[in-house]
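In what follows, one protein chain appears twice in different forms, each by itself as structure tokens: structure 1 and structure 2.
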Structure 1
Amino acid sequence: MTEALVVTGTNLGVVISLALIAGGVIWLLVRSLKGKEVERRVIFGFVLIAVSAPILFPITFHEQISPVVKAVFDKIESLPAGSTVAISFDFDPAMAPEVQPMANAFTRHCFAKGHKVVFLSIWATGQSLLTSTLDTVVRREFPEKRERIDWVNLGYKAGNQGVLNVIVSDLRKMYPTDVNAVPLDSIPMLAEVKAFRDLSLILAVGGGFPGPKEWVLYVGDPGNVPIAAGAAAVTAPQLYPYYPRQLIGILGGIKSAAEYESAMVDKYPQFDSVDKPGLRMMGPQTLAHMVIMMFIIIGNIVFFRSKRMRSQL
């Protein structure tokens, strides 16, 4: 599967850092064969190199899209152009590195297909992250899309699942206006959207409480609306029980974001030039994982060596 290894940006930096890691590992292997423990600072150093090198000298892999992710991609693809889709930003800055790339990719995909997008957040901290997506993706890449005609920002509402419970049957009761205090009734794209159950799809991006699970329980199930989740890796396993009946698909962690970005580029080559944080972060991820696995192997070698040495004594 050499095609999975499309290393873009091959340069001296990549080679040097890989050589550094490989050389270090060999040195440690030799040492560990003598039964010597590795100091933790050495491990820290390796993690540091494994993470920093691919950031400075990007290594990107082509990601095979997995079925749970593909389900979301296909759903957005199959909706007729002009459908109304909601993207909810239910996360905080700590979770953002993992899930914001998903929100950005969803936004890009929806606009590329000509869908109308409703942005909102049920996390107080989601508001500013939502604004950053509007600035970096919507306004920069899609200047032709007009606010309140092609997309609308509803902003944040406090009340957790209580908000969801209401908007599933009546949007205006919770959100009489959008974030700029424009009454929803005067927003053309929302003329047909009386409630969230009128939407074609809801993309719930988040990972805490309230998050995708609450979207399923309070909106997806009662309103019979398809819901897809973009979740932090830690919370994704808890969403699997809802797939595929209550959640049409799940993106879990940066790996899924990278897969989605790969799929986007395959289908829409014009997005090859935009920032793809998911793919960009997979280089450091892969290297870091490999370094940890190396250390587990080294640790076991040390362990078995010292056990044998002890039994010889």
Structure 2
Amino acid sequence: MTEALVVTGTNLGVVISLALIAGGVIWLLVRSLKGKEVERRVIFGFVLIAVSAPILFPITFHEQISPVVKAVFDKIESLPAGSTVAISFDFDPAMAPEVQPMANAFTRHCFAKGHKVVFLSIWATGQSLLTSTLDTVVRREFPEKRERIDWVNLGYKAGNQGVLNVIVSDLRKMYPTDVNAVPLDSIPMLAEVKAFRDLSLILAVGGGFPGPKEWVLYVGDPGNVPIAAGAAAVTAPQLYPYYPRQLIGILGGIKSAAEYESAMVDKYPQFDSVDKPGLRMMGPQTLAHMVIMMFIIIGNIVFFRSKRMRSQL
């Protein structure tokens, strides 16, 4: 649920965005009531304006966190400082706009709480996206966090669910070294982590195969490890049967990412100035949905008005 409007950018920009949309809706209503046809290209052009205006003149919304998202947030909050958490980047660039904001928010939250993080991917395309998070979040926002002391990058490992089936009981059998060929036995952070069943929490970010479902089946259930999921909106419904017994929480789509980012700002005001792509995307999406709703309302008004006029003839 969108709780409150928060302006980013100039007040003039916000006025321009809302004026363009309100003016367009009124024009369409008046033209429709006069019985004049509105061409399809005009409708498409108006939707383009409704989406582009809040991008050029940013509008963001404060999001109220939903229970299924709050369960993930609360779990990370409740872990004692120094807990070891894994974040798996199991997605490709096509899915990244929806799910990478989740991975970034998880990373930020874990480090803010003082947890140690194991980064990995069982998708080949996930390695570069993992590196992007390390560059934009870890090294930029938490320069004091030391590699192999506070976090470790295991990188990509081929094998799909076969990898999961092994690391749940023996991490070094599948990952003898980290991504830079440093033996795991020489990494202080992993001295007490012999297998993924030793972890405090696993955050599976993805939506395809293998993804959160396979993490539940091959690691969460047999290893009795708490697992939370971040998934694209189109695949999130497939995960809800696993909530709340096998998945402690689920982030589904950019709306959930925005909710998590908003909760982070509420709890940790110092992150108000960092990039929050989830919240940034909700402005254009919300206004576009409002415009579509206006189209439906206008269509119904015109329909019932014309029906009444015909009945009076």
Partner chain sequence: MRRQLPFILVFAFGLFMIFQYFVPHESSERAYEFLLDWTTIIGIFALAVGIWSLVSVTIEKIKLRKPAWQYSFFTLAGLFLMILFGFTAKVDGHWGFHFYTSEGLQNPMFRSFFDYILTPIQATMFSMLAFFIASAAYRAFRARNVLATLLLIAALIMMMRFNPFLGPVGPLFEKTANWLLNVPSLAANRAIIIGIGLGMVATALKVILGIERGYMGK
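For residue numbers, the reference is structure 1: its sequence is counted from 1. Note that the rigid core is defined as the largest set of C-alphas that superpose within 1.5 Å between two forms. No experiment lies behind these values; they were computed from the predicted model shown.
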Discussion item. Can you tell me whether structure 1 or structure 2 is the form predicted together with the partner chain?
Written reply: 1
Worksheet item: After the core is matched up, is the C-alpha of R31 off by 2 Å or more between structure 1 and structure 2?
Response: yes
Practice prompt. Spell out whether the Cα of F46 moves at least 2 Å between structure 1 and structure 2 when the two forms are superposed on their rigid core.
Written response: yes
Worksheet item: Once the two forms are fitted on their rigid core, how many angstrom does the CA of G299 move between structure 1 and structure 2?
Response: 5.7
Worksheet entry | Inter-form CA displacement between structure 1 and structure 2 at L20 - rigid core frame, Å | 2.5
